[in-house]
Structure formats: C-alpha cells, structure tokens
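Have a look below at one chain only, the form predicted on its own, in structure tokens format.
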Amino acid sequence: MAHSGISLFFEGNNLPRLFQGMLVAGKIAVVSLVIGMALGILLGIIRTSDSKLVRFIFRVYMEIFRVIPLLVLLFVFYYILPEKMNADLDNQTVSVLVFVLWISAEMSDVVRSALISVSVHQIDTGKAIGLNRLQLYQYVLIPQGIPFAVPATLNLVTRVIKTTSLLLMIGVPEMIKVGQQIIENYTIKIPTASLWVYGFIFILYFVLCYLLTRLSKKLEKKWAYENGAEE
C-alpha cells in the first residue's frame, strides 16, 4: 500500500523528534545570544574608547570572527583545539562557545555604530551640564543609541537562527540533522520523504525569521520617521 508523504510525520516519533531538534537549536541560539550580546555590548562600549591601541585590539578580534567562516570555526573548535589541548568538549558546548565569540564580535560592531551615531549636540549638551564619561554613557549615549541598535540586533538574531543549521556538521541533533535521519529511514517507503521533511523545516525557519525581519523593518521605519520629525 502506498504511503502519502505527510504520513511519515505521524509514524513512530518522527514529528516529536523534529520538534526536539528545533528545541536543541533554539536552546543553543538563546544561550549564545544572551551571553554573546551581553559580551558584545561591553566590547562595543570599549571600542568607543579614546585609546587607539584598545580600539585596534578589539577591531582585530571582531574581524577574525567576522571574516573566518563559521563552519571553519566550528571544525577548529570541535576537532582541532580539544585534541591539541587534551580537552573533552561535547558538540553542543562547542556550538555555544563558537556562537558566543561570533555573536559578541557582531554585536560589538552594532553597539559601536549605534553609540557613534548619537548626535554630537547631545554629547556636548551632556558635557556642558557636567556629566563625566561614565554618566555620558549612562544618560546620553546608551539611551540615545538604543533606537539605532535594535533593528540591527534583530537582524543578528535572525542570522543566528538560520546559522544553527550548520551545527549538523559537527553532529548536533538539530532539526536538519534529525530530518536527514528520518529521510534515510523512509526514502524507500516514501520516495518524496525529503520533499516533505525539508519542506516542513523550511516553513519553520521561514515563519520565525520572516516575523523577526518584518519587526526589524517596522522598527527601522518608525525610528527613521521619529528622527526625521525631530529634525
């Protein structure tokens, strides 16, 4: 008897396994984003320092983790570094570590760009009323820079979600890895298994990333309008 493609989701625990894979990817993304964004905010503030040496050091750090493909970093941290350092790291720990380093580098640039986008007039006003450098960040630069940073931050979140698909290359049981395993088991019985499984995964990624992208564009338009009105 012929099987319809959609029936494979209801055989055994295929559908729960896919959702479990989504949860694994989501957990790695959320943990990495929380740590990476906190570190990135700190690095972004440091990168506005008056010290050329400090700016250069953190600029190099940012460029390394922005230029080198993430897949290469995953391979280096999972296959090479543990062997050289005689350490035992599981693939999910490595995933979080690499993602945190990458996210913090990207977030530092978002924060730096937001801070230097604050009007010089606002900064001069803060200095005129006697604010020191720390108070300038607390009361002027950070509050005024947030509107510039939020859309770019949402874009980064979207990129992180999409990039979790690379984790299958080091064996993390995220959605695509689980999907491949299901396809291998059902290809003979259901020739269109890959179409159904990858189609389902595509829809999950699309819905989540599309909503974040729309929110980012909406916020960009909102603040562009408000800034234009203020001018």
Partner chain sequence: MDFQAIIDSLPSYWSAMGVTLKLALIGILLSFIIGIFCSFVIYFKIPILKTIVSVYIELSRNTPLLIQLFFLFYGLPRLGISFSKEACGIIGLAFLGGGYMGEAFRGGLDAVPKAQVESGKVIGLNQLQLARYVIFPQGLTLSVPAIGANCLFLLKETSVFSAIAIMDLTNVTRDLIGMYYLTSEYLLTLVVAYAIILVPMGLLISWIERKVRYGSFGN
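Numbering follows the first chain given and starts at 1. What you are looking at is a predicted structure, and each value in this text was computed from that prediction instead of being measured.
What comes next is about the form predicted together with its partner chain, which is not displayed.
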query: Stretch in contact in the model of the complex with its partner chain, which is absent here, among 134-142, 73-81, 108-116, 89-97 (heavy atoms within 4.5 Å); finding: 73-81
query: Heavy atom of each of L8, V30 and P173 within 4.5 Å of its partner chain in the model of the complex; finding: no
query: Partner contact for S165 in the model of the complex: its partner chain, 4.5 angstroms, heavy atom; finding: yes
query: 4.5 angstroms heavy atom contact with its partner chain in the model of the complex for V67; finding: yes
query: 4.5 Å heavy atom contact, I201 to its partner chain in the model of the complex; finding: yes
query: Contact flag, Q181 vs its partner chain in the model of the complex, heavy atom cut 4.5 Å; finding: no
query: Of M22, L215, C209, L15, the one that lies within 4.5 Å of its partner chain in the model of the complex (heavy atoms); finding: C209
